[in-house]
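Read the single chain below, which is given as structure tokens and is the form predicted on its own.
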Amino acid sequence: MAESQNNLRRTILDQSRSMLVDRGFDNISMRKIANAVGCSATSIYLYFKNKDALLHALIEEGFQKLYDKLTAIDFNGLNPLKRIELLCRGFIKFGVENAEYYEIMFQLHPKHMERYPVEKFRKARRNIDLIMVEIQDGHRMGMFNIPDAKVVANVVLATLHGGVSLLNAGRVDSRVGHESFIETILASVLAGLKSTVHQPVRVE
């Protein structure tokens, strides 16, 4: 019985994820989701009190999947700059390979939705904190000169997000290869971090 309930909840989430991306939050209802799943609307309400709760569950699930992916990276023996590179690669790879989740996590903005719970937001923020911690370590080691790692980590996220969004929307210039596009984004992020270290002027 428990397995059957888990399977139904999983089916509801998967079907809702696709419908949200295809139709938008304001154009679906719990009844429409139930019809697509093949169950009664009452059954959905057993798992989610309303459409907002369903969306929040998908957002939370997406950020947990991203966190699991990033924390599974092997950092053994690597310096902070290389760790940041791998985190950035992991973020881009997740965003491209999980386009539906990514859109719901970062781009779906319903006009009327309950505020995302603070405790869930804190969990989502762990992903950017992974990059922030590496920037802080690099600063302590003298690799970067970045006193405010939080701001820079968010700028890194903004850069990565722009790239993933263009890739997923098919808006990258057709003359630019996707691999080259991704590598240039990564090179730009890393170069920006390294450039914060003051280079002494050489006197001839």
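All values reported here derive from a predicted model rather than from experimental measurement. Counting begins at 1, following the sequence as shown. We call the rigid core the largest set of C-alpha positions that still match within 1.5 Å between the two forms.
What follows is about the form predicted in complex with the DNA, which we do not show.
Peer 1: Using a 4.5 Å heavy atom cut-off, which residue among Leu70, Ile146, Leu167, Ile28 comes into contact with the DNA in the model of the complex?
Peer 2: That would be Ile28.
Peer 1: Of His178, Lys32, Arg140, Lys65, which one comes within 4.5 Å of the DNA in the model of the complex, counting heavy atoms only?
Peer 2: Going through each option in turn, the one that passes is Lys32.
Peer 1: For the chain seen here without its partner, which of 169-177, 39-47, 55-63, 155-163 has a heavy atom within 4.5 Å of the DNA in the model of the complex?
Peer 2: Contact criterion met by 39-47 only.
Peer 1: Mind listing which residues of 6-20 have a heavy atom within 4.5 Å of the DNA in the model of the complex?
Peer 2: Read in sequence order, the lone residue that approaches the DNA (within 4.5 Å, in the model of the complex) is Leu8.
Peer 1: Is it true that Gln136 shifts between the shown form and the other one by 2 Å or more at the Cα, once the core is aligned?
Peer 2: No, Gln136 moves less than 2 Å.
Peer 1: My question is whether Ile185 is one of the residues whose C-alpha shifts by 2 Å or more between the shown form and the other one, given a fit on the rigid core.
Peer 2: False for Ile185: its C-alpha shift is below 2 Å.
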